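A single chain, nothing else alongside it, follows as structure tokens in the form predicted alone.
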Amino acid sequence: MYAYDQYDHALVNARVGEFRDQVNRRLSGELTEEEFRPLRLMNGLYLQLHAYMLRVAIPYGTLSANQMRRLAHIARTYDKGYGHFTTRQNVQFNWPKLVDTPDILQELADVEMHAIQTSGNCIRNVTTDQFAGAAGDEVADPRPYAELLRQWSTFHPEFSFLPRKFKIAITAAKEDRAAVKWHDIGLILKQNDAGETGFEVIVGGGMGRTPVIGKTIRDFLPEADLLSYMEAILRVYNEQGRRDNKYKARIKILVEDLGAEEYARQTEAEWQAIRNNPIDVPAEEAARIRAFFAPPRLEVLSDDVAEVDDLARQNFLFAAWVRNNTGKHKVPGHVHVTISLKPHGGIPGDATDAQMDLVADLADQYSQGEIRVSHAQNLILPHVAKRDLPALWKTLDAAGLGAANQGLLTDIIACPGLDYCALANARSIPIAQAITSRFDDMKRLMDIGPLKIKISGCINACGHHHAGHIGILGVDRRGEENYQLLLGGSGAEDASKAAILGPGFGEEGIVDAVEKVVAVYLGEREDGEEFLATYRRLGPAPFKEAVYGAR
């Protein structure tokens, strides 16, 4: 993974020093909260319902074991003993004291981490496939490009105060595990017929109150032109994006207003004007960055491991975990392993300090000291030998981290909702917990198969409900929490926008509604058909009849 150079260290430590002074001025009363607000937001510090919340960047979702241990230490020392992993491949601490936040940022800086540009109208954390560099189906590791974009965008003088926040995602596999079509810019790394590497460029995606699926404006951009083309896209947006109305300020609104063809035309014109300037990175610098992501030297092993097969025959839960939570690695005899942060009755994305310490230890023991964070709020050990799976699972299971539900109905994405967030209209966490309790049977979950439920506590869609096979949106209806049910969304390569099925429900009713939807699917599916395919074939009518017919 990328290691800081002298410039990175100087930049991050200087920011910590600046923020320490700003916090001292706030505590002394020299700064009002209104004056302090833009300063704290530049350092990822939010003021939530009950306390401050600090959002820490995990660039492209990659962590070292030592960095994870530092997160555990911060949770234990400065918070309430846990951290919350988010859909942006970040981690949030929900209870830090203001006086401690400069010390937390210094603790992070000491292990090459920070909270810069995790808030504000700037380019946020660049995200990518959680299995990048390990997955057997990728064209190349996309993380060097994500790191290049991180360096280019950090404190970019022209793009630090955009009309609205800006999110970029990259994938390099046919299966889109980074939801690139739901981002302001989505990049798909590919090869053309000549074997050259480049990008399909997608713009104008986004969720929130106006969900939009991004449009392709360039089928193939040579990799050498990446930064200048990004610069052109952002210049067009920065110049024409709405600043008079924050609800219409995202690039998706501009692309919809201009049309994708016109946005592409203006981007190409801007690109031609700037591409000969020294924006794009020299080949030697690109090679320097790429070297940090060289694959680990793994021994080629057999994919047939008797110990794994024997335990799978003896233990159904282990067999389910191997099937659901492990995936094909580039190197034979190895897999990538998803550690579910969705235990029965748990809060999606939460991990205790002890669990974080354990994951760090397991990463050192089994995964080359490397950990990933997924946008589904789980953790990944990317380089695990198949022969180590029995021992790994037993250790995880004993720590409450052995849930075998990756990609299944109880692998729910949920925002913090009204339990924490000042913007939320309704709680998300109790709904996720109630659904997992209702479907707490692994054999039943395996029979249902892949099904993605995503829950947001307000229209800002931090829980990605628009992209859920089943989406749930919490709203305030005359002072009461009400939950809308949406069906048919996808964040994958077949991206689609979920549609509201009908009137909303109370807390108990929404769980019943989910169960009725699942029952229709089980009764109507064809052989081998997953939920989303059944919904697309049948349309909403039979689901609507089952959910609302008796009302």
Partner chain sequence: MAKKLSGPQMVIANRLDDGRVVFLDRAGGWSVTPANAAVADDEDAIEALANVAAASVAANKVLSVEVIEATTDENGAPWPAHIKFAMQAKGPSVRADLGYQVALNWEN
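Numbering follows the first chain given and starts at 1. This structure is a prediction, so every number in the text was calculated from the model and none was measured.
Another form, the form predicted in complex with the partner chain, is not on view; read the next lines as being about it.
In the model of the complex, the partner chain lies within 4.5 Å of some heavy atom of V99. Taking non-hydrogen atoms only, F166 never approaches the partner chain to within 4.5 angstroms in the model of the complex. The closest heavy atom approach of E33 to the partner chain in the model of the complex falls within 4.5 Å. The partner chain in the model of the complex is not approached by S496, whose heavy atoms all lie more than 4.5 angstroms from it. Stretch 428-436 is the answer when you ask which of 314-322, 177-185, 428-436, 130-138 has residues with heavy atoms within 4.5 Å of the partner chain in the model of the complex. For the options V300, A398, A422, A291, the one in contact with the partner chain in the model of the complex, meaning a heavy atom within 4.5 Å, is A422. In summary, among the residues D388, E370, E481, D357, the only one with a non-hydrogen atom within 4.5 Å of the partner chain in the model of the complex is E481. Taking the partner chain as it sits in the model of the complex, the stretch 16-51 comes within 4.5 angstroms of it through a non-hydrogen atom at R26, L27, G29, L31, E33, R40, L47, Q48, L49, H50, A51.
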